[in-house]
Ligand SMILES: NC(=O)c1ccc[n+]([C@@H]2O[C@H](COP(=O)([O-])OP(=O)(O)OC[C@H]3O[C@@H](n4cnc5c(N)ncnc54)[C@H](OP(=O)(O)O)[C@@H]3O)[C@@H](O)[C@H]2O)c1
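Below you'll find only one chain, the form predicted alone, shown as structure tokens.
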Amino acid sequence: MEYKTLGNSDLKVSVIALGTWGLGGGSVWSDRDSTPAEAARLLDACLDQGVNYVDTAPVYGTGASEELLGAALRGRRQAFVLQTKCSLNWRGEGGNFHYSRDGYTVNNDTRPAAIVRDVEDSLRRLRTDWLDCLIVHYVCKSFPVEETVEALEGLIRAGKIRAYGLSNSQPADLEAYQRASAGRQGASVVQEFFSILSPFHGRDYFPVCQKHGVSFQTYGVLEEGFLTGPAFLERQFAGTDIRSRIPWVQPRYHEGLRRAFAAWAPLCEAHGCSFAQLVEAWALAQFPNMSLLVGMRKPENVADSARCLALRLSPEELSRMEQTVRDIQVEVLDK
């Protein structure tokens, strides 16, 4: 495993991070719900592979992901860098409507009182006294960024969190957060969607991250499984499932994806890797301060992703990989 410092914090994190959106189950991940035993085995696999960076959020299964992790972390909390999020809650205490799902109405609220309450709720579900990193799940321009940043910096001073960052945002949002935190710690990481099929937002963000010494954490690099191999294209998902709502489920994209897999197959053979590892290695090569957040629910997934770190693709191979999917890339992908 490789490790890097998370932005300007003192956190040493594995380059591969465990994403636990799927762990929360519910209608968004409709194929199965995880059990406490499965969550524990997943963390066992992370320790085996040196993965110490774990990401979750209150709304992943409306508390389910955090609760499963809280039980699985018992007795080994110190071994992990634990990251969760704030701003999206279902307490009915105000904020902007975000969505209704599984009987809950979720609002986006970045006011100080809401952020503090989010942290208190997460600490309880995760059975811990502190969070290593707190991400603003959806940046909201309805409330003053200065007040949001003051709440985050206050949580650092109180010892409740060690670092913070932002997600589902724009480069200008990072600039605003860093201005508001002038002379203090500031944001350490941005967590944004980035994949070979939708790389544009990430590339717009890279220069601003570089300017401020902020880590870029990519999610969605495997496109919820659609970049793991041609067999995945045959799967069917419930209408509420996230995988039924992204472009690649549409037959009109399948020809382009199959063409890409055919073109990438010789690279996989030459490097002795899977399609998933090839795509993950491509992503890591795009920015030096990259954290690869991979959604995983099975122990074998952890070992598979960790092996991508051994791949060294040439500039020509990296360019050829993207050229193959140029005609099906999308500019904006909002899940």
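Since this is a predicted model, take the numbers as computed values, not measurements. Residue positions are given as counts along the sequence shown, with the first one as 1.
The protein also exists as the form predicted in complex with the named molecule; that form is not presented, and the subsequent description refers to it.
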item	value
Stretch from 44-52, 262-270, 66-74, 296-304 whose residues place a heavy atom within 4.5 Å of the named molecule in the predicted complex	296-304
Close approach of Leu222 to the named molecule in the predicted complex, 4.5 Å, heavy atom	yes
Contact label in the predicted complex: Thr84 to the named molecule, heavy atom within 4.5 Å	no
4.5 Å heavy atom contact, Thr228 to the named molecule in the predicted complex	yes
4.5 Å heavy atom contact, Val28 and the named molecule in the predicted complex	no
Non-hydrogen atom within 4.5 Å of the named molecule in the predicted complex for each of His137, Arg243 and Ala276	yes
Proximity to the named molecule in the predicted complex, single hit among Asn89, Ser198, Ser167, Ser122 (heavy atom within 4.5 Å)	Ser167
